[in-house]
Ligand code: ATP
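Have a look below at one chain only, the form predicted alone, in structure tokens format.
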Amino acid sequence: MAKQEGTTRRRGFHSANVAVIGLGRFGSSLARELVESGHQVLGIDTDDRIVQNLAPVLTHVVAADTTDEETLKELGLADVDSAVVAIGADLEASILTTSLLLQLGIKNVWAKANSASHGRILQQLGAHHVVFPELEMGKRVAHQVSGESLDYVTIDEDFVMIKTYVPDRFDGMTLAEAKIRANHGVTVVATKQGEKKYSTAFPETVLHRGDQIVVAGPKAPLDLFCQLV
């Protein structure tokens, strides 16, 4: 059974279209960003203190045990468009909650995994999306620390996007002249000069030493391209 409801903000409880379960660092950050983006969010956690702290921020927030099927039904979880299981260290609660959400027929279940084995179990259960926040952040920071890129984002299993500087060898060339896609197998999608905003890259875009560029492509050739900087 649900333990305690937080304060409802403006919009109705059952109008929430995203449920975020587990409001630790990852879950609360995700829930806040969803609200800031205009989505209605139902936040759920077992910690009353966290629930009270987030009550003024989220559309609705409640303290409840999501490993109990009747509680999930009472909370109207079957009516949400998407649910995110962001439970941290309690693997049993994460797995059981994900399983129950899938049984309720939620069409878009995201689940946070803390390890490869945890992720495999969530995938075997049928979670539609399994995310590894710590692993992904570790990859991003590793590429920044090594100086290979300013930012690094995994788009798919073998497709990434990075932000880096124009290699010296391309200074003064247009993208057409540099032939980056033909010679390196990656694509420059945007460029930025100095304090200006990023703009879409075209064949006639001129590259300058010190400019920032956003480059997309398969991981292996992109890693090699980063070594040119």
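Please read these numbers as outputs of a predicted model, since none were measured by experiment. Numbers for residues come from their place in the sequence shown, where the first is 1.
Not pictured, yet referred to below: the form predicted in complex with the named molecule.
With the partner left out of view, is residue 26 within 4.5 angstroms of the named molecule in the predicted complex by any non-hydrogen atom? Residue 26 belongs to the contact set for the named molecule.
Should residue 103 be counted as a contact of the named molecule in the predicted complex, where contact means heavy atoms within 4.5 Å? Result no; residue 103 lies far from the named molecule in the predicted complex.
Hey, in the predicted complex, is residue 65 touching the named molecule, heavy atoms inside 4.5 Å? Heavy-atom contact with the named molecule at 4.5 Å: present for residue 65.
Heavy atom to heavy atom, is residue 213 within 4.5 Å of the named molecule in the predicted complex? Flag for residue 213 set to no.
So which of 111 to 119, 75 to 83, 153 to 161, 124 to 132 is the stretch with heavy atoms within 4.5 Å of the named molecule in the predicted complex? Single hit among the candidates: 111 to 119.
Give a yes or no on whether each residue among 188, 190 and 223 has a heavy atom within 4.5 Å of the named molecule in the predicted complex. None of them does, since no heavy atom lies within 4.5 Å of the partner.
Only one of 69, 47, 171, 177 has a non-hydrogen atom within 4.5 angstroms of the named molecule in the predicted complex; which is it? For this set of options, the contacting one is 47.
So which bits of 89 to 122 sit within 4.5 Å of the named molecule in the predicted complex, heavy atoms only? Residues within 4.5 Å: 89, 90, 93, 112, 114.
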